[in-house]
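The data below hold one chain only, encoded as structure tokens and taken in the form predicted alone.
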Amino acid sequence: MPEVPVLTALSRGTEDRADALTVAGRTCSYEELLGAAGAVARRVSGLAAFAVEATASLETVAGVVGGLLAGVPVVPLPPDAGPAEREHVLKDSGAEVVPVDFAERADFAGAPAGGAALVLYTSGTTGAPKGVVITREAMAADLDALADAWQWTAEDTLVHGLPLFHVHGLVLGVLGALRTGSRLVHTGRPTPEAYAAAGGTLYFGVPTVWHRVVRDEAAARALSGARLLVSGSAPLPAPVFEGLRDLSGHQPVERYGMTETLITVSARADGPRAPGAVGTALHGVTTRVAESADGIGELQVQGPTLFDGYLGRPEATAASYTDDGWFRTGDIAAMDADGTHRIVGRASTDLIKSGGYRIGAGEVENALLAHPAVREAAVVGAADPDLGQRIVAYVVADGVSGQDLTDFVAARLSVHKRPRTVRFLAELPRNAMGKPQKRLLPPV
């Protein structure tokens, strides 16, 4: 078949194997995947776009590969999407749902290799989700840069259990394996037991996954034979980083990115790693911090991994760039002298201005999580007539008082960074990728 950018493991005669992909216990070879994807490509050829039910299944993989073969953008639908969200995505994208039967087989000659590959919908904090158009070229550039940073090769076995409707699980976790030629084991669900049993060399997880692994000491120790553990999609708390280091012997690699930019910054397999540090800019990517007097500001990026715009929203696309052509991430960061990035939080929710100080919510959250009684923490700023904003902490913890936690933070950080209010919850609201949803926290 002609070469299709991204799918180099399928199009350059990479040695096939019967267990090239395993998803939720079902295994196939490259040849079987190409046959199923070819049947999809024949059905969708000529469409403007099509949607697939993005379950953890070989059908989802075949649907996405089929779209790449046919040159038709794929819209992955979250299987747990409510009726309103689903209706919006289908109407906004103009895509029709195409069922996938993995047992079907067909050859497909292949379409022109460039252009839009995926339309992924963001879960923005305001308004209806926007469709992010991601090209094949952007994905190929990003995956090659990550392969370089993580020394990711066809000799690896990649293990993860992440959803297949986000960049992390789908682009990195599936298409990354199909580009590098590494074997893929998708565990269906990212449980500590499944990760421990998979026998991989390279593991992907979100902080919630790694937190659960650390709490299961046997599972964490079982990962000692791996080559690299990677964490992303949300900040990894320092205690989880340290727990993985102590139990598995691995300091996890942290990386940073967005749906609109793919992954732009990462620690390297052959470089230093530290809690809270997400590494340096990937090959081909340039970053800058719109600095304030105290050295933190909005992270802005340029490079070949950026999206092709918001679907049907030219004004929103234009507004996401500065006048001199840098993409505005909306994330607040600091950059060390050696180019190492540290993400403080979102400009909209995580940069707290209290009593004339600029305070990153993530720093306070990490301080809270260092307390042995605290399992989860989320910090926000609430309007205050005296301070402008006061620091409010929502925590999941046992056997500790709010004053205990306030004093604990004040002793570890500057006194002005202590929470003025502490609220205890049974759990934090999170999305499918494990990110805390601060807009869903109860009012102060």
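One rule holds for the numbers: they count along the sequence shown, beginning at 1. Quick caveat, the model's predicted, so the values are computed rather than measured. Take the two forms, superpose them, and find the largest set of C-alpha atoms that agree within 1.5 Å; that set is the rigid core.
Form predicted in complex with a small molecule: not shown, discussed below.
Interface membership of A234, defined by any non-hydrogen atom within 4.5 Å of the small molecule in the predicted bound form, is confirmed. Although the partner is absent from this view, R346 contacts the small molecule in the predicted bound form, with a non-hydrogen atom inside 4.5 angstroms. Under a 4.5 angstroms non-hydrogen atom cutoff, the small molecule in the predicted bound form lacks V75 among its neighbouring residues. Looking at A222, you'd find every heavy atom of it more than 4.5 angstroms from the small molecule in the predicted bound form. This chain is displayed alone, yet in the predicted bound form one of Q151, Q251, T201, T122 has a heavy atom within 4.5 Å of the small molecule; that residue is T122. For the candidate set D331, D144, D156, E363, a heavy atom within 4.5 Å of the small molecule in the predicted bound form is found for exactly one residue, namely D331.
Heavy atoms within 4.5 Å of the small molecule in the predicted bound form are found in one stretch of 100-108, 83-91, 300-308, 257-265, which is 257-265.
Remark: with the core as the superposition reference, the CA shift of T27 between this form and the one not shown stays below 2 Å. Positional change of R43 between this form and the one not shown stays under 2 Å at the C-alpha, relative to the superposed core. In the predicted bound form, the Cα-Cα separation between G279 and K417 grows by 3 Å or more relative to the displayed conformation. Whereas the shown form places them at one spacing, the Cα atoms of Q389 and T329 lie at least 3 Å closer in the predicted bound form.
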